[in-house]
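The chain that follows stands alone, in the form predicted alone, written as structure tokens.
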């Protein structure tokens, strides 16, 4: 529970902050244009740039009804998705957009609209107690959780900053005191526990208070926001920049929450840069705020973010948070690659920085953004695992493999380490479920996370990674998983192979798991393949399950699946298995096997050799789901029962083309005949034989040997280093 502090204690702290700040009490109270942001003259000129004109006209259209009839400012009553919740969200948008419309046009009608809405809040806010809905550990006043109150403050202060100097002093003082100071007081006193956290909720809180401090000329607010309520730097905005991002700009909760947290980080940084450019905030920690934006762009495929952790799968680079953050960063570094991303977003921020972006695009300065293979280390010091993004192909045949070997990701993290997602030809082929949630759809649990988010979406079997004894990693306990990072082993490229590997300890007692994934494009081929090796070692017998959640329609299998007759039964009783229908089962003989499926004009075959596996299952999601909340997705699960160790080698090939309009199919056969796995000590050899009987052998060394040797069917294969083509 958030701790509370008295007003007197807060006053003492803020007095100390004022002494520590050494800042003038005459800090500018009006918005100051950033070094690289658009001036008022530029804003008027930018109306001719198509993308900014579109944003301008959209804002005009949305605000127009309220120029005649002022918006409702109701007493809070509803949780997320309800009328009062959505009304207060619309109102902060009206304040923000109305302020910018006044800055662009100088039309006092927009000034008066912002003034009147804020005066209505000045009437309402001082009378409010805590929100009536009991649904969050830290209630807000306008909203059911304090997070939303902080968002309101961040959004509204931007619009107020554009009109404040044009308001009469009496009006200004009333709005300052009864709205913005009141909200800052609530955030720092009543929600002090949230304000002092190292978490995205705290980022919104400190950003709102700090931005308000700059606009109202209140250095104590700024100091509290930057260095925490005690002023010792152990909390606050700067400490959040230190702790929540890795050195590569990866946000510990994953891209979906990186997108959400990016707004307060970048917007507050822009305010800092405008008012205190000497801080050089965009250079802080080797440019971490710049890296965060580039990182988020790179954590996407086809315009959609990788659905890691508690992600809503529809979110992508066109999200308003990234649109605004991109504009802020472009305003500082003028990288022409960002302009092509902005064009792909389809809009620019209706802000001073957005005007700069639109003008540059209109001037033809855009260059293509290069999406390359990247490693994103996790943890503040980059030593808590990593996320590897391997890319291959070009044009409509672009591929991406996302290998997740990160830390837990706090409460929004999933128990999915050493899992991977695979994209091809614009589709997510091997999938990650993301979050079980219908965001702000009140009829579905008030728009909050569904119970199935815990019982399915977070569980290990929901992901493409090994499951031991039918239990999720760390028994699905965040407090156990959080301090136990994944050990990332390697990220490199040679011999046409892009390679990433990692090791997982302590997820299950007495079991260690290794995994290596590769994207390999054979010489003379334009068809990359995915190579995947899993090995687990233990001192006692276990049940090992390796799921592959695939999107598409089953075509064929080398094993004969027997469908369930009569009533379907779930695969288990807990840990996510209770939600999987067992559709069919097959005995898996020794030796190489395969499974094929079809998805939106492409064919896929998974070749595998898993010596300990004796059974395979075809499953469909949806069991024990009385509210019909889960998507009916398919998977194949390979099972090794009563085995001390587990080993598997898999190769996934994407190929062919199907045109439904022409009713034509081309290149519909895999080029791979089989895949075999051979082992010796810490070395694995995967041998891939083509239909033309050409053999490619790739070796993996899990230990530290400089040279590795594995004998396969009478032939010795040798390679050097952690991986490579074996000769």
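In this text, rigid core is short for the largest set of C-alphas that superpose within 1.5 Å between two forms. Just so it is clear, the model here is predicted, and its values are computed rather than measured. Positions refer to the first chain, counted from 1.
There is another form of this protein, the form predicted together with another copy of the chain, and it is not shown here; the text below is about that form.
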Open item on the list: Even though the partner isn't displayed, in the predicted complex is residue 67 close enough to another copy of the chain, meaning a heavy atom within 4.5 Å?
Closed with: no
Task: another copy of the chain contact in the predicted complex: residue 693, any heavy atom under 4.5 Å - done: no
- [ ] Would you check, heavy atoms only and a 4.5 Å threshold, whether residue 570 touches another copy of the chain in the predicted complex?
- [x] yes
Open item on the list: Is residue 75 part of the interface with another copy of the chain in the predicted complex - any heavy atom within 4.5 Å?
Closed with: no
Task: Selected contact from 106, 320, 411, 177, since only one has a non-hydrogen atom within 4.5 angstroms of another copy of the chain in the predicted complex - done: 320
- [ ] Name the single residue among 145, 240, 84, 620 that comes within 4.5 Å of another copy of the chain in the predicted complex, judging by heavy atoms.
- [x] 620
TODO: Tell me the stretch among 524-532, 461-469, 496-504, 311-319 that has any heavy atom within 4.5 angstroms of another copy of the chain in the predicted complex.
DONE: 311-319
- [ ] Decide yes or no: are 444, 598 and 603 jointly within 4.5 Å of another copy of the chain in the predicted complex, with each residue judged by its heavy atoms?
- [x] yes
Open item on the list: Need the contact residues for 241-270: heavy atom within 4.5 Å of another copy of the chain in the predicted complex, sequence order, or none if there are none.
Closed with: 256, 259
Open item on the list: Using the rigid core as the reference frame, would you say residue 96 shifts its C-alpha by 2 Å or more between this form and the one not shown?
Closed with: yes
